[in-house]
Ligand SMILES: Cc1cc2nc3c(=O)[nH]c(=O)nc-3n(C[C@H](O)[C@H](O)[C@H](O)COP(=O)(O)O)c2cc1C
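Just one chain follows, in the form predicted on its own, and it is written as C-alpha cells.
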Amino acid sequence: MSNRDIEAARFFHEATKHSYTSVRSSPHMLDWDNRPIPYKIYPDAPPVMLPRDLNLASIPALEAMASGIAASAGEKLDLEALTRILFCADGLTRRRQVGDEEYHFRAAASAGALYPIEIYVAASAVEGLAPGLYHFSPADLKLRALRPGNFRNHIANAAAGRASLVEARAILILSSIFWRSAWKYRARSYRYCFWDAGTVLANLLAAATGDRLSADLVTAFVDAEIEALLGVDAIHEGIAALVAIGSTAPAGLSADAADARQPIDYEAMPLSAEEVIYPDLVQIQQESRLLSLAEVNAISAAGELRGNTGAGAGGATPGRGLGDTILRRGATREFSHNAIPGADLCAILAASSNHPQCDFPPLCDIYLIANAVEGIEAGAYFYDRTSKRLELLKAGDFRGNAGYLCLEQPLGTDCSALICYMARLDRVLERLGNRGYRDVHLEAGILGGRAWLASFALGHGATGSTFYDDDAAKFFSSHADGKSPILMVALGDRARND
C-alpha cells in the first residue's frame, strides 16, 4: 500500500466511469428506509453556543473569491468571525417541507444534497473560545467539545511543519463520511465527496477573505495523525483537507500538552440502520493516504505556497455581497433558454478560476460549451486560467451535445453555458501520486463552487452535474486529448425560483 502505486487511482477512475451502457445496466435502487441522516451527532458531547445574530460579509462575492489575505501576526479571530466562516461554509440556510419530508439546505452545494462533509475546529487562539477540538453542528449552529487542549502543533507536525499551521489561530479540518454519499452514488461517490469538500472550501475561503483573515489550504499530511485526533477510521470517514485560519506571532513547533492520540470520550449516533461498504472506495482511500513525513515532503515539494490573487471580476458589475449570495444560493432545477451577458460569463470565469492559496499546484483546465451568451459565438471553448481568455475550439449549436454529456439531463441543454473542468490525470498522478486524485477533484470542486457562487452573485443560476466520462473527453478533442473530465457546472438564467 503506497501513495506511489498509482495504478490504484487509474483502476478506480476507470472502474467508476459513467457511460451510456453503464448507466442503463445499473441495478442499483435507493433504499429510502436506510437513508443516512445528514448530520453527525455527538449526543453527549458538551455544546458550545455560537452567536446567532451574524453580520455576514457585504464584500462583493466576486471580489471575495478573486483575492486572498496575506498572513499577518496582527490578525484577530473571535468567536463571531469563526461562526461566520463556519456558517458560510456549511451552515443550514433554509428548510423546505415537501409532503411529509423536510429538506435541509446548506450554504454550499452538495451532490444529491447528501452533505457528506463534516467540519472540525482545532482552536488555539480564538477570542471567546477555549483551546480544544470541536465538531461543528450545522443543524443547531453549535460546536460540540470533543477534546480540551491546543492541538495546533500536533496538526502542524503531521503536515511537516507548514508555517501557516504552526501559527494558525484556528485550524478547520474537513472530513468526508463516505456512506452518506455512497448510499446513492456507490463507489463513484468518492469523487463526489471531494467535489463537495471543494464547494465547502469555495465558500469557506471567500468567507475568510470577507473577514480579512488569511486562509491556507493544506492537503499533504500524515493521515493517521489527523485521523487519531478526530477519532475516525479512514474507512467510514476520511480526512479531506486542513485549513489554517488567521495567524499569530511565529511560535515554532513543540509538543502539545494534550495527548492527541487518546480515544475521544464521545460516540456519534449511527447514520442509518445498515451501512454498505464499497471495496473500491475503501481501496482508493487507503492507497492515497500519506504514511510518513517523507511522503508529505515529497508531495509538498510539488506544490505552491500561494495562489493567483490578482484577477478581478472581468469588468462586470460587482454583484451581490458574499453573505447575501450564500443565503440565496441553491441548485437550479430548470434553466430558461435566455442568453446571459458575455461580461457576466467572463466575470464568473475570472473570479472562479484563480488558484487558491494551498500546498498543491494548479491541476484543472477549463473547457465550456456556450449555448446562449451575448457577444460570444455559440460553440466549444477552452478558457486559459492565466491569460483569462477564451479560445474557440469549434463553433456551432451544441445544446444537444451538452445535454447528452450531462447524462442526458435537460439542464445541459437549457443552460447558457456548461463548464467542464478537466485534467491530465496521468501527469497529476506522476507528480503527486494517488494523493493527486484527491487534489484534482478537490480543486475542481473549489473552482466549480466559486463559479456557482459567482453566477448567483450576478443574478443567474447554477447547478453541478456528473457526466459520461469518455464521451465528454471525446467532445473536446483534439485540444483535450489525454485529459479526463472531473466536474461539470451549468450556468444560466433560472426558469423559476428554486
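Each residue number is its position in the shown sequence, starting from 1. Given the structure is predicted, the values throughout are model-derived calculations rather than measurements.
The protein also exists as the form predicted in complex with the ligand; that form is not presented, and the subsequent description refers to it.
In plain terms, the part of the chain that comes close to the ligand in the predicted complex, with a heavy atom within 4.5 Å, is 113-121 out of 134-142, 361-369, 113-121, 262-270. Every residue of the trio Arg106, Thr199 and Gly330 has some heavy atom no more than 4.5 Å from the ligand in the predicted complex. Exactly one listed residue, out of Asn157, Thr209, Gln409, Asn150, brings a non-hydrogen atom to within 4.5 Å of the ligand in the predicted complex: Gln409.
Note on contacts: among Phe87, Trp195, Phe178, Tyr381, the single residue with a heavy atom within 4.5 Å of the ligand in the predicted complex is Trp195. At a distance threshold of 4.5 angstroms between non-hydrogen atoms, Leu487 is in contact with the ligand in the predicted complex.
Among heavy atoms of Thr463, some come within 4.5 Å of the ligand in the predicted complex.
Residue contact with the ligand in the predicted complex: Arg389 places no heavy atom within 4.5 Å of it. The ligand in the predicted complex comes within 4.5 Å of no heavy atom belonging to Lys394. Contacts between stretch 87-104 and the ligand, counted in the predicted complex as any heavy atom lying within 4.5 Å, involve Arg94 alone.
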